[in-house]
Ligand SMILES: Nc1ncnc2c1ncn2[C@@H]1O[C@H](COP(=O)(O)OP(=O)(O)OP(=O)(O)O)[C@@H](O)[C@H]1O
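The chain below stands alone and is given in C-alpha cells; this is the form predicted alone.
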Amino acid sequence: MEIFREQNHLGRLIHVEPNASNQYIAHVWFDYSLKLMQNLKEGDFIAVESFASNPDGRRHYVILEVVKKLPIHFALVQSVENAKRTYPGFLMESAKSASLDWISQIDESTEETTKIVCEAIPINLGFYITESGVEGPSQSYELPMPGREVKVISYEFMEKILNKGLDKKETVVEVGHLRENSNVKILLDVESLLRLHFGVFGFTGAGKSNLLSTLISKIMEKSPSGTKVIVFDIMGEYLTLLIDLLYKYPDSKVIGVGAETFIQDLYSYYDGNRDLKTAVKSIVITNLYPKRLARKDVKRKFLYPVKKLVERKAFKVFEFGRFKLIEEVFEEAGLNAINISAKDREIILEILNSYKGRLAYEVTADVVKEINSKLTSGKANTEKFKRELLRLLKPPKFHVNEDLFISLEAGWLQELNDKDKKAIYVVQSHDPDSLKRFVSYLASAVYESRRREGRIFPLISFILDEADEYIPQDTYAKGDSKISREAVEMLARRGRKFGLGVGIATQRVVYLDTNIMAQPHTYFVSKLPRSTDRERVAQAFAVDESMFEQTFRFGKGDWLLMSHDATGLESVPFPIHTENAEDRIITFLESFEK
C-alpha cells in the first residue's frame, strides 16, 4: 500500500498554535503549483514527523487533517486595510502581474512568493515507518516537529484510517464517500448510531430529510434483527421519502395521531363507500414531494406501492384514551389533582361510576353528553378539568373502522418489542400539539416497559425531524413542547441502556434544549449560516467553530461527519458525500414497470 501521494510536493510545518478544542492548530505551507492546488483538498490527511521518532531510524509521524486551504501570493497585500494604504495604480499592476504566477506554475513551483497555506488539526493517530514497513495507524498524542517536511497521505491509507476497526463488524454500512474522492468509502456502525443517538443539522435546502431517508435505509439494511425506526413527521413528507421501506417491511405503518390526519376517502374506502383507486389517488395527490419526485411522470408511479399499503391496512389511527378505561381517562384529565368544588366532584363521580370499567371509546359520546348537560359550573378549576376531559374524549370527526385503530394497549407494544421483525413507523398528525403529546405518550410507555422488564433488544430509534418543535429551550417552548421535551430528554439520557435511541434534525440548533443537544454521539453538519447555530454545535461536540467554515462550500449531499463511536475516526470531523435518497426511490418505483 502506498502511504503518500503528491510525492513531488512536500510541505513544511511552519508553526504550531495551541487550541483548546483540538489541542493545537498546525500551520503548513506548500510551494504553490496549479496541480497541487487542484489536488490538495480540505479534509485530506497529511503527516509530519513527531518528537517520538527514534535515533535508530524508526520514524514516527502524526496524522493531521487539513481544515483550511488558501493560495497566498506574498507580492500582494494581505489585507483590505493594507490595500487602502497602497497606491491604487501600483496595486492593480502588481495584482495583474502576480496573477500570471497562478497559471504559469502547472506541475511545480518556480516562484518563492506563491504558497498554499493550510491549517490542520490532529486526529490523534500516528504511525511508524521502519525498515520493515509501516506500523499503525494507532492512537497518538505526540507533538509534530516544527520545520519538518509534511507529506500528503494517499487515499488508500486514508480509507484505512477513516474506517479503522469497522471492517469486521456485522452492523457496518457504507454511508457515503469522502467528499473530494468517491473512491474513499466511509463506513458507519449503525448499532452505535442508533443506541448512542445522532443529530442532523443544516439550513433549509441542505437536504436534512434526504439524508434522514438515506440513513434510515442504511439502518434497516444492516441493523440487528427486529430494529424499529419511528419517524415523527411534522411536515408530512416521509410517506414519500420512505415509500420503499414502508413497502418492503410488511409490519411498517403510517400512523395518524387523530382521525383528521388522513383524508376522508381512505375511511370511505374501508366503509365500502369509495373504490380503492379513488382512495389511493387521493393519498398520492395530497402527499408532499421534493421537487424531483413531484414531476407528474414520477408521482404517478407512487400509485402502486401506496395501493399495496392501503390494501394491507398500513394506515393506522391513534386516538388518545381510546383503549383506556373511562376511569383512566378521568384521572388523566386531572380528577384527583385539581381542587374541584364538592358539588361538582359529586356530579363527576356520579357520571364516572355509571360507566366505570368500560373502555373509553365505547362510551365517549354518552359521557360527553352527560358532562355537558350536568357539569355547568363556571368555576375556573372545574372548567379546566372539563376542557381537558372533553379533549381526551373527543370523538373522531370521521367514522373509522375499528381495525384501523392502533394503541400500545391493543398490541402495538408487543409488536415494537418483537425481536425478529424490522419495521418503519411514520407518525403524522393534523395537529402539531397532538404529535408532541404522542411523543411523550409513546416514549414514556416504551421506556417504562423496557425498564420494568430489563429489555435491551430490539433497538428502537425515535427520530424527530424539525426537532426544535419537540425539544426547545424554555424560551422557545410553545404548546405541548414541554411534555415532549421531558420525554425525549429521558430517552437521550437513559434510553441507551434499554436499546432506545434518539435522532434529531433541525435547521435552528440554537432553539434546542442544551441538555438534549449534548447527548448525541454522532453529528452530521451542513451549512449553518447563523453563527449562533454553529457555536451551539461546536460547544456540544467540543470542536472549534472554525471547523464549520468548510461547510459554506458544501452542496446537497455534503456533510461534515463527526462521531465518538460510529466511525473509525473518533471525535474528529471530516467531510463526506452521501447518496441521494431520490435516486433510491426512483429506482424502487421503476422496478414495478419491468
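Start at 1 and count along the sequence shown; that's the residue number. A quick note: this is a predicted structure, and the numbers were derived from the prediction, not measured.
Keep in mind the form predicted together with the ligand is missing from the figure; the text below concerns it.
*Asks:* Picking from 580-588, 21-29, 6-14, 566-574, which part of the chain touches the ligand in the predicted complex when contact means heavy atoms within 4.5 Å?
*Replies:* Selected range: 580-588.
*Asks:* Spell it out for me: taking the ligand in the predicted complex, does every residue among Phe318, Asp433 and Ser440 have a heavy atom no farther than 4.5 Å from it?
*Replies:* Not a single residue of the candidate spot has a heavy atom within 4.5 Å of the ligand in the predicted complex.
*Asks:* Does the ligand get within 4.5 angstroms of any non-hydrogen atom of Lys422 in the predicted complex?
*Replies:* Taking the distances in the predicted complex, the answer for Lys422 is no, it never comes within 4.5 Å of the ligand.
*Asks:* Is Glu466 part of the interface with the ligand in the predicted complex - any heavy atom within 4.5 Å?
*Replies:* Glu466 belongs to the contact set for the ligand.
*Asks:* Taking the shortest heavy atom distance, is Ile129 within 4.5 Å of the ligand in the predicted complex?
*Replies:* No, Ile129 is distant from the partner.
*Asks:* Wondering, does Lys556 line up within 4.5 Å of the ligand in the predicted complex on heavy atoms?
*Replies:* Lys556: contacts the ligand in the predicted complex.
*Asks:* Consider the chain as shown here, without its partner, and state which of Ser138, Asn339, Thr204, Asn372 has a heavy atom within 4.5 Å of the ligand in the predicted complex.
*Replies:* Contact residue from the list: Thr204.
*Asks:* Only one of Gln519, Ser217, Ser109, Ser209 has a non-hydrogen atom within 4.5 angstroms of the ligand in the predicted complex; which is it?
*Replies:* Only one option qualifies, and that one is Ser209.
*Asks:* Which residues in 494-520 have a heavy atom within 4.5 Å of the ligand in the predicted complex?
*Replies:* Read in sequence order, the lone residue that approaches the ligand (within 4.5 Å, in the predicted complex) is Gln507.
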